[in-house]
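Quick setup: the structure tokens below cover two forms of a single protein chain, split into structure 1 and structure 2.
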Structure 1
Amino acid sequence: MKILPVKGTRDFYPEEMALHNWIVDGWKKASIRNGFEEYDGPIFEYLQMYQVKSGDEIVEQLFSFKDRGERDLAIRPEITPTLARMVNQKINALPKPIKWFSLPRLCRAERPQKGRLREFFQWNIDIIGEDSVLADAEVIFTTVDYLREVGLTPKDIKVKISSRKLLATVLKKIGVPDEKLNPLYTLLDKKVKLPAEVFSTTLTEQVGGEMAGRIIAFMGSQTITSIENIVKAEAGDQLEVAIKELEDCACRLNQMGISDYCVFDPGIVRGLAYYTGIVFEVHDIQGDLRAICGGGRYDNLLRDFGGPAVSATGMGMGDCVLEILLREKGLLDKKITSRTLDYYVVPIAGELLDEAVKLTAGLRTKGFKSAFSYKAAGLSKQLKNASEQNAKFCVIIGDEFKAGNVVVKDMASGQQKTVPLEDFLGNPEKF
């Protein structure tokens, strides 16, 4: 019986694994150079933890099970609840602000589609314990820092920035009652995925025609200042505060040199109810793909998990959409190889295999990536093997070995030289 992989999962053969490592290594480097420290948690948690954050409906969106003690557990669909739990456990011992990142493998019980799988990897960065807009700007900068490094330009992507505080205040000023806010957030988050007529009709059914018209006008606003044409900001109210936060964030992003990547877009909602301030998503310019990543401020989450009220902001980026976009833009071509070697040791004759093994082991002991041919073969065939394994140099053990010499061949230039084996082993890089 032939067993296939589970739908929505991936097999990482060496070539795919090399690509995956390239993406993850880039995430890690961007995190570290921006001052974040790495953390991780268990692959499964108590199911209740995800219900606290997202409600009982989350159960249908993840893989849950009972353990031998009849406890309800779930494979993690995200890592933010784990982060909140971990920080709460040591909240008084951790220096603030807490700047952490993680690269977890996650699972969600969803219908697989382009850019969305049941199993995926995600880059998470979070700043906890800092309530200034500068922290939000730094999360956005770190995100762009990575995307810019892999070759994406303002002509390829845009960071669309809005505010849940702004949205909540506008909706209340329009007259939307509190009990309708959470289901309304879910609908507004789906706006770009629905035909305009379907969205308008559904919105009207939820809040009525007059409110629906004002909401649609708000979500189509091009500038922050144009919002006052829809609802008036009064001195000291939440609308004025939200507008000031967005303006301060834009100023910081300009100081950081990435304003050409960023745009104000009140259509960015982020469906999860726990967001409290600035929110953002990164989209490809053409709009053919799902959001590359998204995040925002979530000042109440630690409190919801039994901890103190501590401010927090963060971002999550999955590897699936990112890989699709980089491939479509041609940014993966010739950058990634599954294997590279510093040296490939070539024994010309079978009786020299023992010497090849010794030499290869010596090179590896010194920290050089090295391999050898398991069987003696013609020189041309072994050179081909070396080329296929992306070896920088070939070390040929042939007739010269009787005099204590080896031939070192530069695979890029084709040049080669005969050198004493003892000198080569003493300092391989010299040759």
Structure 2
Amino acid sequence: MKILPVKGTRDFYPEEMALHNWIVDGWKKASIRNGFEEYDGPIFEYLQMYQVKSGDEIVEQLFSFKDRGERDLAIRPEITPTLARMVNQKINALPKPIKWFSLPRLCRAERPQKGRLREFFQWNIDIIGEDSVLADAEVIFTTVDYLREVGLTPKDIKVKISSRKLLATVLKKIGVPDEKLNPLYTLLDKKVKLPAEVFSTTLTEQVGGEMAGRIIAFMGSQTITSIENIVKAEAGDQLEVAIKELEDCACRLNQMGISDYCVFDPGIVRGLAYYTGIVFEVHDIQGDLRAICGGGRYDNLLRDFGGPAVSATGMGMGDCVLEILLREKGLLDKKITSRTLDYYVVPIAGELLDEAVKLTAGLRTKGFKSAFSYKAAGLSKQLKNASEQNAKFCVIIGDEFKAGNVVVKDMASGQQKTVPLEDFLGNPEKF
């Protein structure tokens, strides 16, 4: 009976695993050099935890089950609720600001499509307990730090930055009533995907022509300062605060040297309601992929999970879209493989296999990645095997072993020399 892999899942054969590890290791290194510490939680939690933030419709989009004690559980579709739970549990004991990262494996019961599977990995970084936009800037910097390291340039991607606070205050000043804000966010979030006319008509249906015109003008703003042409800020009001935050953030990003990656874009809304301040997404410049990552400030989340009102800001990046983009940009063409060896030991005759096994074990004991041929096939074939496994050196055990010697061959240059086995094993790197 043939059993297929489950829809929307991936098998990681060694080749794919090597690539996956390369991505995950990059995330990890970028996190650590930016001062984040790793955490993780269980891969399933109480189903209720995911309903707190996102409501009941979320249940349709995750894998849930009952355990034998009739508890409603769910495989984690995101890790932020776990983070909130973990931080809340120890909030008083943790030094602030809390800078944590995680590389969770997540599952969502959605229909797979481009850049979106039912099981995936996501890089998460969060800074908790710091109100300053410096924290938002640091989250953005860490994100760019990674993307830049893997070879993406300002010609490939842009960090589009806006502010939920800005959007909310602008909409209120324009005259949108509070109860219409959330449905409006959903519509505004779709602006780039909809034809301009459809967007305009739908918007007019929701708020009327006059407001719609001003909202469209706001959404088209190229700079932070030009917003005041549409709505006026007054001293001390929320709009002034929001503008100041965005300007401060831009200033920090400039100090950090990544301005060329960043752009103000009031079209960035982010789907869910819990964002409270700066929000951002990274997009490919061509714009034919979904967002590479998204994040922002969510100052109420810990409180919503039964903790104190502690501010937080963070980012999440999935592996699927990232991999598609890197492949399109030719950044995965270089060899990413787990098949490498320091030494490949070649016995020429069957009776020399004993020596090959002993020598290989000796090299491994000294910490060198080494392998031997299982059978004493022709030298030519064994050298070919060594090449295929990307061996740096071959150690040939043949006739010269009668005099206690082996031949060490540099696979890159082809040069080789005969050396006493004892000397070689004593200090392999010398040869």
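The shown structure was predicted, so the numbers you read here are calculated from the model rather than taken from an experiment. In this text, rigid core is short for the largest set of C-alphas that superpose within 1.5 Å between two forms. For residue numbers, the reference is structure 1: its sequence is counted from 1.
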{"item": "Pair member that is the form predicted alone", "value": "1"}
{"item": "S200 C-alpha moves between structures 1 and 2 by 2 Å or more, core aligned", "value": "yes"}
{"item": "Core fit, then L184 C-alpha moves 2 Å or more between structures 1 and 2", "value": "yes"}
{"item": "Core-aligned CA displacement of P308 at least 2 Å between structures 1 and 2", "value": "no"}
{"item": "Cα shift between structures 1 and 2 at G175, which is computed once both forms share a superposed rigid core (Å)", "value": "2.4"}
